[in-house]
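One chain comes next, on its own, written out as structure tokens in the form predicted on its own.
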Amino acid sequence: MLRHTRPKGTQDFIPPVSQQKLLVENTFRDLAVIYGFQEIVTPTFEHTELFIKSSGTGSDIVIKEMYSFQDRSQRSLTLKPEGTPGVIRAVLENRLVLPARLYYITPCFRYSRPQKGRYREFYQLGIEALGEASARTDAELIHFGVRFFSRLNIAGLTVMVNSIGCRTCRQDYREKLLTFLRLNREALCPDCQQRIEVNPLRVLDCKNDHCQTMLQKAPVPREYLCSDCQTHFTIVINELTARQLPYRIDDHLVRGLDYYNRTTFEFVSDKLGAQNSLGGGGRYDYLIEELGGPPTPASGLAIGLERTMLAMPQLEVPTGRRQLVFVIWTSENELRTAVDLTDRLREAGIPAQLSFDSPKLKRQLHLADLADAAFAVIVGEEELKRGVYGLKNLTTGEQIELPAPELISRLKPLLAV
């Protein structure tokens, strides 16, 4: 009986799924660099107050989902539920010069009900454009996301956009929304009834069907935008149009975090069912100031790695054996030569492996089969005397001898190195 299993809401990335994960990460990293972003790595856990301050006391993340604990000095720490707050904390603490463009690839943790594409430990791919106030930056981040998904051949993607205004105009909207929600309190789900007084905008994001039906009659943020916010949103829309990026305006798109203002956006897939968001983001011009920095405009996006993998076409597993050479030695006298040869193969860019455990030829050939190696190079006493190596094709079983100096040059084209 299996004694240990992975915790609920987590997963193992084993080959070939681990190869697909690496493909997604490398695609994101390469594109981020092309757009001028540099990588930042922050701790897996932060002081709890950082996330309370950034996400908001009324957010589901703070109320329901954070993995928080006390260390031995009774400090409250939290496994990061998302990437942005740690990035801002690091920028301020290390006094990075702004403007700056930063990207990250990080594990995140939220205690939520596991389902397809939704885990308690998940990976987030994010970019942050710090110190950039232009509405065209918002559109460029959306363009980045569309291009990223396109590179992974993800079809059926819809870009949803909205504006939720600024501190000035959102206050008027908040009062109008509060009045509407209080009059319709009984038609809302229990969660939304609690949100009314704490954070009424969160109600717009509710996925409950009854709430969504009732909210069709609710006032929406775009109806109350001030002239500056309206101009900002118009520029975003015009820039998306100029870049020929299809989009839909969703008046209920507010995102799940309190720090957003003005532009919000989301990438939605038709491949995933209920959990259909691949990622999203928006503008957060007040967050840096709220975390102790100077007033600084900022915009960013975050993409879920696991949902991206679900939306991708099925990864084609290469047929045939791995591009791997297994070096075989036949006695202790040849082991040193075999080790040196393995190192030379690796230095030449040829994947190579050997076993130190047994000089038995049959056993080592079996290990080469288990490793799914394409070729075996045999380092034997008689071969060394004649200055040759045995080369066995482990797919066809054919075996030839090659002069030792020619081995690497002959293997490279065979393995497409």
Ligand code: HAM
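Remember, it's a predicted structure, so these values are computed and weren't measured experimentally. Throughout, we count residues from 1 along the sequence that is shown.
Here the subject shifts to the form predicted in complex with the named molecule, a form of this protein not shown in this document.
Of the candidates 258, 132, 82, 334, 82 is the one whose heavy atoms come within 4.5 Å of the named molecule in the model of the complex; the others do not. Proximity to the named molecule in the model of the complex, taken as a non-hydrogen atom within 4.5 angstroms, holds for one residue of 224, 122, 144, 103, which is 122. Look at 226 to 234, 295 to 303, 179 to 187, 240 to 248: in the model of the complex, residues with non-hydrogen atoms within 4.5 angstroms of the named molecule sit in 295 to 303. Residue contact check for residue 326: none of its heavy atoms lie within 4.5 Å of the named molecule in the model of the complex. Residue 279 belongs to the set of residues with a heavy atom inside 4.5 Å of the named molecule in the model of the complex.
Proximity of residue 195 to the named molecule in the model of the complex falls outside the 4.5 Å heavy atom cutoff. The named molecule in the model of the complex is approached by residue 117, whose closest heavy atom lies within 4.5 angstroms of it.
Contact check for 112, 128 and 307: all three have a heavy atom within 4.5 Å of the named molecule in the model of the complex. In the model of the complex, not one residue of 374 to 407 has a heavy atom within 4.5 Å of the named molecule.
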